[in-house]
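The chain below stands alone and is given in structure tokens; this is the form predicted alone.
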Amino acid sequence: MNSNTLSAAQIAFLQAHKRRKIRIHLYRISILILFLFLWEFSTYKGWIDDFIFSSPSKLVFCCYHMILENQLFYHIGITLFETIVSFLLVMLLSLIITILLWFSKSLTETLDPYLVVLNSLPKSALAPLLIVWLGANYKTIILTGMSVAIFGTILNLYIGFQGVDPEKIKLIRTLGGNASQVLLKVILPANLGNIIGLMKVNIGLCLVGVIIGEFISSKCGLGYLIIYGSQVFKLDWVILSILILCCIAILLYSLIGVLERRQKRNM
């Protein structure tokens, strides 16, 4: 939008909104800096045990040594790969299955109780079974990551498909459109925001599922570092891995947020 076409009130509103966003970012950074300072200061004063709780300075040295030994990026890469593959497969398979359910009411009525039951199962209990059945490999860990998100995604997508304005569907039908045209012209565009919202949820769920799989059977990845570090009392590894997982979650969530903003601008 050209600034020359804006009124003084609109310009003032945009400037106030921009200042508010900057202020929020400063608050967030300040909270993080204060937390790190208090953490470091508490270990320096001996208020907390740096062997158990570590400290920011110890984590920096731990990260540096792991990078020199070519360990850290390898484990990060494994976890990222498994998370992204499981996330993409969840979204693709969920969309395909939901479309099939939408096309066939009989199929929906048949599978609905099974989807509800599978979605309610504790996924941490499924992971050991999957590993016993399929073996301890990265494919099983990807499947474990998928199991956490896929059933809930199908149910939510189907509810979104059913919630589309029936008048719009009736209009397409009146103009001679078939089911495929209704899907492409009405159902999918109306659910684009819902799909992106599910992507934001699922990227975190897939990361959780992958870490559960790595806890149980993997010999690499951040989940493995957490379990191995706790077993040999290398708690710096544990805390560093947890912090890296937080950063990965924020990064992946932010990337989907960029996609969401672009989608809103194009509406």
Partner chain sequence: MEYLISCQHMFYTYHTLQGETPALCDIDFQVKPGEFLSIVGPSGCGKSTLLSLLCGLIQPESGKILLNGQNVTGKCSIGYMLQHDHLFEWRTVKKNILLGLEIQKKINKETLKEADELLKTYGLYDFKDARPSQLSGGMRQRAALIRTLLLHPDLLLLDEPFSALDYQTRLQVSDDIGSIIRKSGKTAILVTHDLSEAVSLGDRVLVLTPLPAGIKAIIPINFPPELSPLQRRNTNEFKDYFNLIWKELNLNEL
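Numbering follows the first chain given and starts at 1. Given the structure is predicted, the values throughout are model-derived calculations rather than measurements.
Below, we turn to the form predicted in complex with the partner chain, even though it does not appear here.
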* **Listed residue that, although the partner chain is not shown, lies within 4.5 Å of it in the model of the complex (heavy atoms), from 134, 171, 179, 88** => 171
* To do: Select from the listed residues 190, 196, 76, 84 the one whose heavy atoms reach within 4.5 Å of the partner chain in the model of the complex.
  => 190
* To do: Specify the contacting stretch among 120 to 128, 104 to 112, 162 to 170, 149 to 157, defined as having any heavy atom within 4.5 Å of the partner chain in the model of the complex.
  => 162 to 170
* To do: State yes or no: in the model of the complex, is some non-hydrogen atom of residue 186 no more than 4.5 angstroms from a non-hydrogen atom of the partner chain?
  => yes
* Looking at the partner-bound form in the model of the complex, is residue 266 within 4.5 Å of the partner chain by any heavy atom? -> yes
* In sequence order, which positions of 221 to 243 have a non-hydrogen atom within 4.5 Å of the partner chain in the model of the complex? -> none
